[in-house]
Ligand SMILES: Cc1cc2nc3c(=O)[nH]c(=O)nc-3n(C[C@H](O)[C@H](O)[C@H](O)COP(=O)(O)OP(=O)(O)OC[C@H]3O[C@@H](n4cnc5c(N)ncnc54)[C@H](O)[C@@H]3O)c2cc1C
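The chain below stands alone and is given as structure tokens, in the form predicted on its own.
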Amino acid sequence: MICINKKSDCCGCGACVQKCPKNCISMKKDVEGFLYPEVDKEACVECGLCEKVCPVIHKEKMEKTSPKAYAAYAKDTGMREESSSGGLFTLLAEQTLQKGGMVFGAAFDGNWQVKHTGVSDTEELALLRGSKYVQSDTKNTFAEAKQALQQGREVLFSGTGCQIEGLQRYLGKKYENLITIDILCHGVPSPDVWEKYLRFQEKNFGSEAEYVTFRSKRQGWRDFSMEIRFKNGALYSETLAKDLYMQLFLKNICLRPSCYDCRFKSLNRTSDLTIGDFWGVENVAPAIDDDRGTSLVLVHSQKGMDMMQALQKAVAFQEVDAEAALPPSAESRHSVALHRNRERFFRDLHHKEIDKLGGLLKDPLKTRVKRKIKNFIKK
């Protein structure tokens, strides 16, 4: 029986819920807004399958090898503009859809919450495109992917590293017709924090949101913006350095407890491909950098390499050194630091407006003074 004694021991992938043969496990939201498994002990038959598929309990041991790494972006400028970085996910997904397969990824629902979903045609692919900085609920997508695999369809499943390992443990065996893509992940914020922020913006603009993107390139790729368009025609657009939600996310105050002790960040992954923003590309591969979005791609398997080779005509790319592209200091390779005010932030979350909580991000006066002195000395 799955039992969560420490919140940091559950990544929320949902594999245990979907594997239970008695359907006696459900995901319940805690006070912070994160989902955790809850077992109906009377219905449980102690089969142990829920523990067997947990990617945290049974973390895969990886060989320390250096994967092939590429800086890349789609030559189609429209596709690239609509994507968070270089548009690689769209091109990879289209390969699968053109073969009659299914693609699974994170999408907004009707309330702007993030749920995993599967699509079967290119028109629906837009739902999965673009970064969504909220933890996604995988719901029943592991089971849906397995059904498609057993039908002989090709399946591409994308998600965070913990979600991909959860899927793999749920499936219990390798499928030749499965492609897995994990994303370079900073950490996953609480859905409750995102909802509170969005309702705050709707109140400010006097209208419901009709379009949301976390990664507008209106002011460039590096200075990407949170952008919300409202039904009354109003538009909110603010860069990551000034938008409150992005700062709450990037300063680690609203992340899932397991993100501060992540077991899935490394150079080597169990997925076929790892994709994400190539921050620092101007230092590693300046010839392929134009501030319009460049993807970093890590190739972990022959299937992944075959997919990349099939994109040669549609992609501008350059092979790079994996260690240089994603050094040990990168936040996609180690757990982020716990913010000193995290506990206080969640304690006040349901009692104060979200803008009133922004003050908790400020460093102590002593730290700010030291920083100013260091900057003065450098100048």
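When you see a residue number, it is the position in the sequence shown, counting from 1. What you are looking at is a predicted structure, and each value in this text was computed from that prediction instead of being measured.
Below: the form predicted together with the named molecule, not depicted.
A.B. asks: Decide whether S131 counts as a contact residue for the named molecule in the predicted complex under a heavy atom distance cut-off of 4.5 Å.
C.D. replies: Within the cut-off, so yes.
A.B. asks: Taking heavy atoms and a 4.5 Å cut-off, does H186 contact the named molecule in the predicted complex?
C.D. replies: It does: once the named molecule is placed as it appears in the predicted complex, H186 has a heavy atom within 4.5 Å of it.
A.B. asks: Is A106 close enough to the named molecule in the predicted complex to count, meaning some heavy atom within 4.5 Å?
C.D. replies: It does: once the named molecule is placed as it appears in the predicted complex, A106 has a heavy atom within 4.5 Å of it.
A.B. asks: Using a 4.5 angstroms cut-off on non-hydrogen atoms, would W112 count as touching the named molecule in the predicted complex?
C.D. replies: Because no heavy atom of W112 falls inside 4.5 Å of the named molecule in the predicted complex, the answer is no.
A.B. asks: State the residue from S83, Q201, Q168, T141 whose non-hydrogen atoms include one within 4.5 Å of the named molecule in the predicted complex.
C.D. replies: Contact residue from the list: S83.
A.B. asks: Just to confirm, with a 4.5 Å cut-off on non-hydrogen atoms, which of C254, L88, L298, I179 contacts the named molecule in the predicted complex?
C.D. replies: Contact check passes for L88.
A.B. asks: Spot the stretch among 157-165, 203-211, 305-313, 233-241 with residues whose non-hydrogen atoms come within 4.5 Å of the named molecule in the predicted complex.
C.D. replies: Heavy-atom contact with the partner occurs in 157-165.
A.B. asks: Pull the contact list for 249-286: residues with a heavy atom within 4.5 Å of the named molecule in the predicted complex, in sequence order.
C.D. replies: The stretch 249-286, when checked against the named molecule in the predicted complex, contributes F249, I275, G276, D277, W279 at the 4.5 Å heavy-atom cut-off.
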